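Starting off, we have a lone chain in the form predicted on its own, written out as structure tokens.
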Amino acid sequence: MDYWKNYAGIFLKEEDLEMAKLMRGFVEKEIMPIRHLIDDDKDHVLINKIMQGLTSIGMHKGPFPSKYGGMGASSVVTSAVLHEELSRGDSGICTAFNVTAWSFFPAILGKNKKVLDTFAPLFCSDDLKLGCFAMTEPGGFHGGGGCDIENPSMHGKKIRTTARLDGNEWVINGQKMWTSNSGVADLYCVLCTTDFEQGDDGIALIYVPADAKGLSFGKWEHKAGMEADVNSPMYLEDVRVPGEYRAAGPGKDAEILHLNVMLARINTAASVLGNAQATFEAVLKYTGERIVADRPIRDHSIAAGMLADMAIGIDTARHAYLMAAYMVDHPEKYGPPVSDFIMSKASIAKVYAADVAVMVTNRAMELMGAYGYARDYNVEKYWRDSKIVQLWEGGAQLGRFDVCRGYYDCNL
């Protein structure tokens, strides 16, 4: 916990330290004693209990306007710190719980009174409610989007989930994949196109309640990790919702989409670093207690060098995501958040933090041997949970394209 104090007065305010302390206390009490059971919690009894606990202490209210019972919080630094602390316990729970805020950002940023009046009070209540930001689509041979959906240079031209106005209702048809909370959410923010040939002007973010007729889901994906984060195919067949359920409008929805992707890069950088931090704490303890050749493992030079590489990676990755978050929080210094410059910084943070987390968990397992591979020691869980972060949000390669855009005209 003391490492947060190193950033006080630079990136973090006193309230950030207090929020980190609150989340650390929750994680230590509610998650750490049972984290080895989470991936076997197929009915999500333990998982939902933990997320209800987060709701009970008000962690869900952050971004919602105060008039609906929220906190009106807007600090990206605060959000990132909380993502790291919660993911230190379980990054799947962090993803499932926080994607609700991600799904509401379009309505909040678009000042959509209809959506907020209808749904925000429910989501600010003391009962657990989940949101879903339905973005990714199947790739394939018929022009499907895949990671092109998240590529700003494609300008929405690969989106195949369509929305057309029929009177005062949107009629939506399409399919989504890999969306967090798919099938268990209470409200969906669906990325659509009104006309893919219109580029950004055709991009539409439209809200769909869980009970909408024509909305259905496939089976849950069986993944290597992140079991608390439910993903399933999502099908929309002539789904009808009010015309006012579009987040903002032509052009503005595209801007919000790009902002949402950028924010996700920063928060997932923080989240995957939570895996790395928890792993580092575990391997430090193990290598300090395990004796080899009459000395603790960590007192052997080869082991000390590996631990140093882990520490260097974690420290520099934390600096990278905090700096990116700080830049977003201070547009008066660094320019608008929707820019190639900020997206580049956010992408650097995400790509680097994911690579660091995979490296740290790999090295920890090498130092711990068979114990690192055993479920009871949790390191293998952080290893499994980290790998997907390299792959989502367009993948490591698209992330690197977005890094390049901050330095030259990279039309990829």
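Start at 1 and count along the sequence shown; that's the residue number. None of these values were measured; they are calculated from a predicted model.
Not on display, but discussed next: the form predicted in complex with a small molecule.
- Partner contacts here mean any heavy atom within 4.5 Å of the small molecule in the predicted bound form, and among 322-330, 269-277, 177-185, 80-88 they occur only in 177-185.
- At a distance threshold of 4.5 angstroms between non-hydrogen atoms, Glu150 is in contact with the small molecule in the predicted bound form.
- In the predicted bound form, the small molecule lies within 4.5 Å of some heavy atom of Glu393.
- Contact annotation: Asn260 falls outside 4.5 Å of the small molecule in the predicted bound form, judged by heavy atom distances.
- In the predicted bound form, at least one heavy atom of Asp229 sits within 4.5 Å of the small molecule.
- Note on contacts: among Lys223, Arg164, Arg240, His155, the single residue with a heavy atom within 4.5 Å of the small molecule in the predicted bound form is Lys223.
- Shown without its partner, this chain lists Phe97, Trp170, Tyr207, Phe133 as candidates; in the predicted bound form, only Phe133 has a non-hydrogen atom within 4.5 angstroms of the small molecule.
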